[in-house]
Structure formats: C-alpha cells, structure tokens
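Okay, so we've got a single protein chain in two different forms coming up as structure tokens, structure 1 first and structure 2 after it.
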Structure 1
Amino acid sequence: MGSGTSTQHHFAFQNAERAFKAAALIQRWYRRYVARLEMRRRCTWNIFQSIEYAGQQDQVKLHDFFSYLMDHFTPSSHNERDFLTRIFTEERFAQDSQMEKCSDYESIEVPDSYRGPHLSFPLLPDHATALVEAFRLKQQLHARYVLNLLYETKKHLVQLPNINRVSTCYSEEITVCGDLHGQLDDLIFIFYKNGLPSPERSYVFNGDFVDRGKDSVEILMILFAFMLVYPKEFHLNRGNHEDHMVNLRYGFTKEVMSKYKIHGKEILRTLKDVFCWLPLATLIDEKVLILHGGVSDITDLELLDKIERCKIVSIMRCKTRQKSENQMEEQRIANQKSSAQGPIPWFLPQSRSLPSSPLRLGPYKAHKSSRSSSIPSGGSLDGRELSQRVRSSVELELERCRQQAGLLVTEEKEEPSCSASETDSDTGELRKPTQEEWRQVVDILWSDPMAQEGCKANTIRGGGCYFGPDVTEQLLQKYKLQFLIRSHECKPEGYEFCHNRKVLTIFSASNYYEVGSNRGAYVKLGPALTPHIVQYQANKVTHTLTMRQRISRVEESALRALREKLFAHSSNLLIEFKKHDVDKVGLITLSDWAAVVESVLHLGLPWRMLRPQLVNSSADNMLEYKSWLKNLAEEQLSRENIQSSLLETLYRNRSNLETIFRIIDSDHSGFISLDELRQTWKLFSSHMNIDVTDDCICDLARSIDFNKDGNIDINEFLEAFRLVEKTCPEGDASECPQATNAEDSGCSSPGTC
C-alpha cells in the first residue's frame, strides 16, 4: 500500500538487509585474511623444523667422515701423519692426575673484586634463591663455586637410581618442565609464575638444559643448586643434550669457554661426568613415567633400572663389549637386506617397521638381527667385504671415537669415579655397557612419537626410534602406567598430546626458533595426576604485537634461513635448472622451479606456497634462474675475493666444519694452526667430494689470520664471511655465479700455504 509506515518499514528492511550483507562481506574477507596468516605461520614453522632436522642429519655425516678417514686415508707425508695423530689422540694436559681434579676447586682463589654470589656448602635454600636473583641481574658465578657445586652435585647424583621414584603424597603437586636449552628467561619466568621449589612444591626438569641458548651455565647452576637443597622434591632427568659431544656442536662448549677462560676446560671435564650420572627417568606414583625422548618396542624398565648409567657417556661414543661372531654374521645379513636403502651409520638400528607382523612385539631376542648396527658409508662394497670392514672398523671406530673427544685420558684411567661404586669381581677391568644397554639408553633419550603404528629407526635424529601408539600402549600396560611425559621436540603451543592422550610432550623453551615462534609450557600434576598445563611466552615485545606482526617477524627470520640454505646449494640448483631449460633460453617455469628446489634441498616444504616470498620477479610464469641465483648470492654478506662456490661450500658444511675444528682444538683454546686448517679441509673435502682447491681455503684463512702468527681463531673463521659487505664484481656472460674475474686472488696459482 502507499502508507508512510510501510515505506519506512520497507526502507528499514532494505537497510537492515544491506547492513547484514555488508557485515557478512567484511567477515568473509577477514576470515580469508586470517586463514592466509595461519598458513604462513604453519609454513614458517615447517621451515624451521625441516632446517633443524636437516642439520641433525649432518651429525650423521660427520660420523661417516671419521669412519672414512680411518678406512681410506693414508697419510702421504710426515706432516699429515702427525696431523692425523693429533686428531685422534688427545692432548694431555699439564696436570697428570685426573682424580685430584675434583677437589681442585679449593685452590682457586676468589678475588675481593668479585661481585657475584658466594656459595658455601652444604648449600642452603637461600643460596639457591640468591643464585636465581644474581643471574637475573646478569652476574656470573665464580669458577671456584661452579666447580664446587659440580663436585657436590656429582656426589649427590651418584646415589640416585637410574629411575627416580617419586610420590605425590609428600607434596601437593608436581610440576614438570621440558627443554630449556639455555634460555634463562624461561626458567626465571617459570619460578616466578609457579613459585620457587620447596618441600611443598616439587619439580621435575626433563633434560636438555643446555645448548643453543646463551645461559646454559646459569641454568645448570640453578637446577643443581635446588637439587642439592631439596633432594626429595627436585628431580632432573638426562636429555640428549647432556652429552659433551653434542655440546661441541650446539654451543654449550663454546659458552663455557667464553665465560670461563681459565677454568673452562676443567668445568667441561667435570660436567662430562656429571651429565652421565644424571638419572634417566622419573616415575611418579608408579603411574606417570617421565623421560626425555621416548620409548621403543624393546624398552625394558627393569633392565634400565640395573645398568650402570655412567658408562653411557655420549651418543657418539659407543664403547661396548666385544661382539660375538654370531652377531657379526647377523649383522652382515641385515646389512645386505638394507643395502638397497643405502648405508646407515653404524650406531643406528636398522629399520624395524614390518607390515603388521606380531613378531615385532616379541621379546628383544627376536629383534636382535634387525637391530644390529650398520656400516659406515664410504663407497659401494659387497656384503662379504662389508662384514670384514665392519669387524675391523667397528672396533677401530669405537676406539677412535672415544679418543676424538680429546677430553679423556686413556682407557685404563677412564671414569675412575665410576668404578668406585661398582664391584667387578672378575678381572678388575671396567665393565663396559653391552650393545643392548647402550641402545636402551639411547632410545630413552632420542626417540620421538609418530602417528603410525610400529617402531622404526629415527634416521633424522641419528639415534633412537620413532614409536607408534601401539608401542606406547604396550609399555603402559606392561608396567601398569597411566601415561608418559616426554620432551625433546619443540611444539608451537609448548605442549602436545598424542597417542590417545597417553603421551604428553612438554617443551619449556619459548621463542625457540625465533622471537615469537612458539610458546613454552609446563605441566602440573595434581593428586589425581590430571595434567594441568600452563603456557607462556617469555618476551614482552611479542605481547604487544598483533598476530600479523608476530607472524611477519618470525616468518622473515625463517625465510632468511631458507634463502641461505638455497644459496648453499646454488651449484646443484643451477645444474638442475639447466636440465629443465631445454631450449637454453635461461628461463624455466615456476612449476619446474618448485620441483627442482625440492629435489635438491629435500626439505619437504610447500615451495609453491613459499614461492612469492622467495622469487621476486617472474614474468609470465617464467623465471630467469641465473639472475635469481645471483640475487641469492648477493644477499649473503661475504668478503671480497671469495669465490661464490667456496662460500657456498662453506655454508653447506658449516656446522660439521665447526664441530671438527673444535675437536681438533682439543685444549679448547679457540685457535687452530693454519696447517691444521689446511689438513682438515683437505681430508674433509676429499671425503665429501667437494671440488674446491686447498689453496683457495688457504688464502681465505690467511686473510683471516690478522696477526699473522699462523693461528686461526675458529670463531673468526666461521663468521668472517658473514661480516663484510660483499662488493660483487660484475660477472661476464659466463654461466656460473662463481665467475671469477682476473683480479680474483690466487686460486689459480699454486701457492704454498
């Protein structure tokens, strides 16, 4: 009708409808925006994880390198022989007797000028609290107190069983924390939010206290102090990073040496002992098992209870009892079976995943053949030869590995404190762990859960296994447990349940990859042992950023790392790109780009999603790959006169090189000689089939030897090519980014280094 009211209604209705539609449109648009952010966040996370795991595989290659050396290298000169000897025998320290080392701290004087915390023993709760406060104020504990504390810690640890049994009836609740990795801020935050340890407040710290972060020493001091003060309520489990060989690679050794220039060596040596005396697991009310990595299908808690845990010093050093001939034969068979997959480093178990066979749940003995170790890589050999090599090189390998550490005396004196607590009647010889004992421990410290059923070798980590929900279930039932708490893996939310909520991963290092990358968490277990999880992120900055800003920051960091990785494989990428550029016009499709990048880098990343951020310009869906590679190279800061290919090679092998250098630098001085550098490089490059001349490396090294005394500062060497802005001379039309022009220094001229 024509009345005013209905027209008004009509308008009103129309307006309402328009508003409704407008709102719906805005919401629709916004949700898409958020979804894209979420996808970016996920991709970023994948980047960090895959780079981290790819780095861990390096460790495996490093081990192969040492095997290779022994198998293939024949020193051709006096110098080289000397050098090899130096790598493989340890540097004796001035002081002879290792035994007295332990109580040597008394001779260390604390100067009056020292402003840090003072400790006296027996330790009181106030001391521990004072430590936390002192470290919060960025003070450093004097070496004397460090050593004293370590000495007392070891005395305490020696009395503890392998599996700590804890009861909740003595305290109201127990708080379990995961990896801290040297991030003191997170520890302080936990104590701030949850309260300091006390007789009413129990704590379990589940390993990986050190490496990567910058305050590993301080964390150890706090944790050990509280453990001494509240021995019944404060518990520590060993993690895979409580291992001096791993520390060489991931930063803890470096941190100690830089904070304690005079006494660092001694501290490291003592720590090596302390680490292998850490308990392996904690059991709460006989119901909740807490351990660092995970379990395997052969995990045997009774066996674990009985072994001498101090014998298992490091994952890179497996000193086990002589193998029987039988085992060697089984090994050979197993090796032949697996040869199709390619050689697996010797300390890894073979793949154990069988298609739904009941056998895999059988007792250990049934698994022996499939769990024996494999051979070091180093060329194609047939089965028989393999077994012979295995026989000889395994023993050599073991011996060599042990000596590589350069931190221990020879076998007779080894771990004297260990033998003090055992009674070995037979020969008086120190008992070594059996292969099985060693495996049990490695499984506990290195394994990860997986979604699929079964149990297979953890090839990414290079130790332990992947265990499925059936393995968890089997273990829980066997020992009548409720659930498992473990750590070892970073999770975006700081925690994650899996295996039907029977396994809880708890990770306490927030911002692990990058500021804003993830939360940390800890879990409190009440009287009914129900888990109550608290998350946090120990950085106020991220708190004030919007989600978008947070994601951008982390993303940029991940992309930078990824671009560096891409650069490190420039040569191979170029070769593969060319294969797709059939007409040789210098262009490939973006689809081909994605395929090539994955085939070279093997990171399993969603390259098509990442492409917009990695490839700047592409006309018509085609990419000029040469200029793209060149841009990658230019982004990496480097010194002048370094061949791009050399740079690339150094990047690719950086962590391994660093580890080797630190092993060579057996007295941890931070320096190696020019000659050693050259030798190392020569050996390394021949093994890795790296095609860069020794002279190039030499020149590089010489340019870094600032004071010209023939010694290279390891840190400087590793970081030098990152420091200086590269002024890239324009290449000519030649193909490779490594085009050198006439001014490039004497890589073509044979020089003596």
Structure 2
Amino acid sequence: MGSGTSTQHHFAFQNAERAFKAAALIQRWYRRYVARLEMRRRCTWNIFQSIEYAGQQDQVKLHDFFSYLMDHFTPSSHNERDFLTRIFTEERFAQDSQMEKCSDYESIEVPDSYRGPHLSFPLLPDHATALVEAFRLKQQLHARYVLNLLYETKKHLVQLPNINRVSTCYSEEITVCGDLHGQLDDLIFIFYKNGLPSPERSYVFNGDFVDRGKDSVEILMILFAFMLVYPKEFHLNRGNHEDHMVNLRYGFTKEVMSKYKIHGKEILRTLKDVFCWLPLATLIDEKVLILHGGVSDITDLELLDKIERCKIVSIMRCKTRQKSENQMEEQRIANQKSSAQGPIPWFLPQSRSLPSSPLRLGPYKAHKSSRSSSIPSGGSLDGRELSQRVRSSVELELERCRQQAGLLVTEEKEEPSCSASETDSDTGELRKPTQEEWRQVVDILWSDPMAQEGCKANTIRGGGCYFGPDVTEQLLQKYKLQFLIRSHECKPEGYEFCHNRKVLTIFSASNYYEVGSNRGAYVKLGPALTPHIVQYQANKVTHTLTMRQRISRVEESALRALREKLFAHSSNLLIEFKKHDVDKVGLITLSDWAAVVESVLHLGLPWRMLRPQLVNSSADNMLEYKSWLKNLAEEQLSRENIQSSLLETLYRNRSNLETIFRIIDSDHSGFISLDELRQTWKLFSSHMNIDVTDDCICDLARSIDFNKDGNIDINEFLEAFRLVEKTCPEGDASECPQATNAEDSGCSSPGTC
C-alpha cells in the first residue's frame, strides 16, 4: 500500500515537472513571439513616420526655393509685383471690399432641390447636432451656409485672447482632443463615446483639424458650429496645418475646390482669415497648458499673450516689405551678379541645393549656441524701423489732411481685421511680425519633445525645435504649471507621457497611417486635473483582426510605401551602387547596399533589419543591384501602365509638382492661364539668368497644352514634367531599367522653346 502510494506521488511529481517545463517553454515562446511582433510594429512605425517627415522637409524645401526667388527678384512693373505678391505670399486672394461684407453669402441662393442641412443664426444646439448627423449620412452643406458659418466664426474668434483661460469650476470635466486630420469618423466616435458638447461637458480641440483626410471641411463646420453654440465651453487651438500654404500640399485646398467648385475660392479666402485668428493655446485652471506642438527655451507666455496673432497668416514665410527704388536697383544689380551661384530648382537642369529653410533652424546668436532659430531671416532692423517711421508719418499726414478737409474717420471696430488694421498703406501688404513674435509662434506649433536635455533644431521636420525635460521643467516652474498637453505627433497608443509625466501627447486620429496602425485617444480632466485617458479605434474592421493580422497588414502597407520611395530614387541609387562596384561586376555587398540606400533617401531607418523584406536572399552576402532595381520597377509597373523612367519621375516629384501647380494657379481655377505661366516663368528665367521672350513662353505653353483648350490643367502639367525629366545620367541611359529617351517620347530636350 505504501509503495503504491509513493509510486503515484513519483509519477505526479514527474507530470508536474513536465507541466512546469512545458509552461516555461510556452511562456518563453510567447514572449519571443510578442517581442518579434513588437519589433515589427516599431520598425513599421519608423517607416511611416520617416516618410511623413520627409514629405514635410520637401514642403519646406519647395517653399525655400520660392522664398529665395521672391527675395532675389525685383519686379519691373506694378503688375509683376502684384502678381508675385498674390502667388507666392499670403495675399493669394484679392482684397475685394465686397467680399468682406455679409452680402457675399446672402447673395447665394439655395435651390429648392437642396436636401442637405439648413442653418440659421444665431445657432442653436439642435443645429449643431443636425450638422453632425447630416455629415454622418454623407450629406454636404451648401456653400451659402458654409460662408455664413465662417463669417460668424471669424466674428467670434477676433474677440478671443491668444491664450484661452478655462476653468473646471463651470463644468464636470474638460475633454482635450488632439489631431483629427480630416477623419470625420473619429470626431463622431468621440462625441458618441464621450457625449456631445454641453454646458456640463467642455471640449478643447488642439489643432490640425484639416489635411490628409477626406472630410476636413465637415470637421471644421462641426467644430465651428459647436464653438458658436457653446462659446464658453468649446475651445479651439491653432495647429501647424491651419495654414493655407501647408494646405496647398496636404490636400485641404484640393478638397475645398472639389466640393465647392463655384464658391471654393471665397471659402478658401475666408478660411485663411479664420485660421490666423484661431487662439494659440489654452490654459486650464492656470495649471495645465494646452498647445499644439511644444515649447522651447525661449517660449514666453506673456509675449504670446500679447502677439497680434492675425499677422501670422502663414508660418511658412515671414512677410517682407516693399523696398525703396534705390534698394530695388541695388538688388537688381546684385541679382545679376549672383544669379549663377543661386539655387536652381530640381525640376530644371543642373539641380543644386536650396538655401536654408524659413522654418529650418539656423544659428540664433542671441541664445544658446545649441539652440537654433526656427524663423526665416528678415530684412535689416534699420530698414524695418525706417519703414515703420515712414508709414507712421504718412498716416499722420493723411489724418491731418482729412481733418482739414472736414472728413470724419469711421470707427467701426466691431470686427477687427488684420487686412485693414495691419496693412501697409502704400503697398496693401500685411505688416511683418517681429522675429521674436514669429519665433514664438513657430516653436509652439512645430516643436517636439526629446528625451535628452536641452533644446536643439528640429531637423527632422524642418521647423520648430526639440525640447528636453529641463526645458519643460523650467517653463512649468516659471509659470507655476503642473504639466503640458500637446499633440502634433501620431502615437501607436494614441497618447504618450514623457518628461517624467510632465508632457502628455494626445493624438485623436486613429488608423492614421493604415487601418490598424494606431489607436486614437482623448484625455478628460476634472477639478483635480488628474488626466484620464480614453483610447479607441473608430474603424470596426480592426476589432475583427488579431494582433498578428493587424501588424502584418500595416507592415505590408509600410513596405509598399517604402518600395515606392526606393523606386522613385532608382536613378540616384544606380549611380551610387556603381561607385561601390569597383570591379564593375554588377555586385555589391549587402552592407554597401544599406549604406547607399540611407545616403540617397536620408530616412534614418534600420536598413539591415529591413533587408529581408526588401532584398531577396543572395549568396555570399552579395547583391546583384541591377536586377534588384529591375524588380522594383516591375513591381510598380504592374500597378501603373507607364514606362519605368517616366513613372519614377512621377513617384519622386508628384507631390512637389502638384504643390507648384496650386501655387501658380493663384485663383484656384484648376487651370494655369497663359498670364500666370508667363509671369512665373519670367521669375524662373530671371533667377537662372536666361533671356526668355514672350513668344518663347507662348510656344512653351502651347506645347504643354496637349488638348489645345488654351489652359493647362494638372494632368497636362504633370505630363509635361514627366516627359522632360532626365531619369538617367548622360551616357548611362542603357544602364537604367527600361529607360526611354526624349526622341522616343516625341518631346524636345528641356530648356528649349
């Protein structure tokens, strides 16, 4: 009996030991499996983020080039000056006094066949709620109501301070939401989960309402409507995408013009004014600071509170003043001497590097050497002071003449407007913000936190700065704050704490890069100011996918985008590969492949880790690079029925070309007229020191106008640049995968008329 019991115990111990070993093996396997998934997820995230920031750098570089042209080109007539001012600066829309009046939208008739939402002012809560439901059902708001709503919104915004003060005493809690980027599903989901705005439920939306998503107009209409209904409980901050120059690239301008073809230009002009009146920050109980980007070591809340924010129409460029005739002549002579050394655009022959960005940070001598200025360098201080004195004396003289003539000056200040009060009397241009004002606004809209101490240039985005924990702590102590809430960066979980939980990033656009790529989140603050984070996924598809399926789906999308990026730079990659192929055998090492790819793309990605997904297994650690480039081309050609060399050009330059087209198309008609092309090309030719006649420009326009309708549309514009772009260096055309020459395409060489 005893021996049988001991035998049973022995087997039980053996079974238990096996079970423990099995459990340990399963646990080890599971941890390894989860770790690999997490590594894939982080690598995928780096791909998406690097490509996104590279696009922002392209936007800044493109604006650099046009800014450089504007600063070094002297118009020969008032017509040229007015045209260039309208195209390349903030004054993209004519300042027509009639468009400032309420009669603009009142003259627009709403047809009886219209079945969308109707608005009447003052707005009631039911109007805003009905607007949410109508947009959920994919209905569109009529242009009359859009303009009316924007008009009322501007009237409200001009009465607000730069930094809104909000108290938790008047509501149960305050909900703070981050970037939405045109994703209406996320906004509707937030209202469904958290409740609609009300006197008991306050909201703060922290900028970047528009761009990238397809429903930016609808999001703005909902936010503006609730702000008018609950002006004390609903607050909006400006983001870096509430900028009409940024909208040219990232889709909002195109969305407005496609949805409102007749009245789109008026809507865009009004939105430009509305954006520059949005408050810059929100302060809850004087303890929690909410702003879009971040802070820097020179952030001054007192100065920010006094800035005339309507002067900051676009963060992309600091406004320049008209020069005197002597200055113009001096600049004309200087330009003729230095034009050969100036930067040449990438879309013209012999591309060169661009000047430093207006947002890219250069040394700021007045502060720490490690801190770089995020503001474009303006004119000399003496010139600015002289211009202010001249303007002041002219205004005083005009006022004296009016009084002598018995004329009364109207004092309508019900709706202050920068276009009236902050305008040069002689040129009609906005007064330039001071460098300090500009620096303050750029930093709070573009900056990102970093783990290291200090404050340095944000070279990844091209604007703002990176600020460390010491900078955060310094600001909190100076203004007796508890913590900061910011947005601006997509986070996998929708939120992220950093700097010892003193900085909270909130991002409310779920599935930002791809379905399943990230969660959205918002934060709720009660009287105790303890942050309560709520996460969500607005897309129902993500709930049916396992973790592995989500990561695989997102990873596939990221790798596809990365292959497109590689294909877009095939020609440059081929040139660099040949430099490493010393023996000219068509082979390079995989380590050389990783080094070359990074040197060409500058994405900062772990290429060695990504190699298995991008390069087929090869023997002896060597890669046949021409075959690899050919495979990249075949993969893209399977989706696009275009020759390889032309498709490469399109992938590399499409975003920039579309942005250039919208810049030149100053009236947003969707077409470039002969006059717009003539004036723009004169700007280019002056910079290139090339004498181009009007007849030559007309011939150029006719050659681009393929359907001969007298205008150039976006497809003709893209086609023209695709045909003239040289995708292979001279003498190496045969080496480029499926290369085509200009003669086969039936086009002349670039640079000829």
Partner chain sequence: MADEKDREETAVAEFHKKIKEAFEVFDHESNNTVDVREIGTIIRSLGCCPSEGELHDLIAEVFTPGSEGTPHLHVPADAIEIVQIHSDSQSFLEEEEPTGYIRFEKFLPVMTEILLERRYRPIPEDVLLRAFEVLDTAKRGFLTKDELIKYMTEEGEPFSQEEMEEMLSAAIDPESNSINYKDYISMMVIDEN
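Under this definition, the rigid core comprises the largest set of C-alpha atoms superposing within 1.5 Å between the forms. Quick caveat, the model's predicted, so the values are computed rather than measured. All residue numbers here follow the sequence of structure 1, with the first residue given the number 1.
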Structure 1 or 2: which one is the form predicted together with its partner chain?
1
How about Asn164 - superposed on the rigid core, does its CA move between the two structures by 2 Å or more?
no
Core-aligned CA displacement of Cys498 at least 2 Å between the two structures:
no
Residue shift check between the two structures, rigid core fit, Leu481 Cα at least 2 Å
no
Cα of Ala23: shift between the two structures in Å, core-fitted?
4.4
